[in-house]
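Shown next as structure tokens: one chain only, the form predicted alone.
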């Protein structure tokens, strides 16, 4: 049976990597981040999504050991 944490983990991990990469590529564009008080929200939200995806995948791996 397919555990729902596997596709959710992969989805968040892939989207987190893409969003973090976009944030790193557009980090020099100061006009893009004027509305967010010069905070690169793409990097931070991408990293949070990546961490969430990895945690979901780790819980699947830890659950299968027992």
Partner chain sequence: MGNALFQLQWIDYAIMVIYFLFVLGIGWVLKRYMKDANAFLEAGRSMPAWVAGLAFISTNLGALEVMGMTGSGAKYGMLTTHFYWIGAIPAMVFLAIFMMPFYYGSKARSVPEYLKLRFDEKTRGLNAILFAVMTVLASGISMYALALLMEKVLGWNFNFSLLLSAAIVLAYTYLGGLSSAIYNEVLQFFIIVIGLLPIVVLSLHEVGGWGGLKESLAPIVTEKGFAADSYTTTWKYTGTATGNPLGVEWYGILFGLGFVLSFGYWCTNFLIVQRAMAAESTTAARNTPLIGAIPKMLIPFLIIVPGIVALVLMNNPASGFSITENGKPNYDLTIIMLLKHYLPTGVLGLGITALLASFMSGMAGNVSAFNTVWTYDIYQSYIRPATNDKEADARHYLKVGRLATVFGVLVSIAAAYLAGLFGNIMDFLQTIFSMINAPLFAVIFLGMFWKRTTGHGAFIGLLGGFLMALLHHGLTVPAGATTLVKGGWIGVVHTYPVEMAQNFWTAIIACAASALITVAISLSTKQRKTDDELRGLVYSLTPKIKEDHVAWHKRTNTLAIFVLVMMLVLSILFW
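Positions refer to the first chain, counted from 1. Treat the numbers as computed from the prediction; the structure is a model and nothing was measured.
Keep in mind that the form predicted in complex with its partner chain is not shown, yet the notes after this line are about it.
Mapping the unseen interface onto this chain, residue 24 falls outside it, with no heavy atom inside 4.5 Å of its partner chain in the model of the complex. For residue 7, a non-hydrogen atom is located within 4.5 Å of its partner chain in the model of the complex, even though that partner is not displayed.
Put simply, residue 15 is close to its partner chain in the model of the complex: some heavy atom of it is within 4.5 Å. Remark: residue 48 counts among the residues lining its partner chain in the model of the complex, judged by a heavy atom distance of 4.5 Å or less.
With contact defined as any non-hydrogen atom lying within 4.5 angstroms of its partner chain in the model of the complex, the contacting residues in 30 to 51 are 32, 33, 35, 36, 37, 41, 42, 45, 48, 49, given in sequence order.
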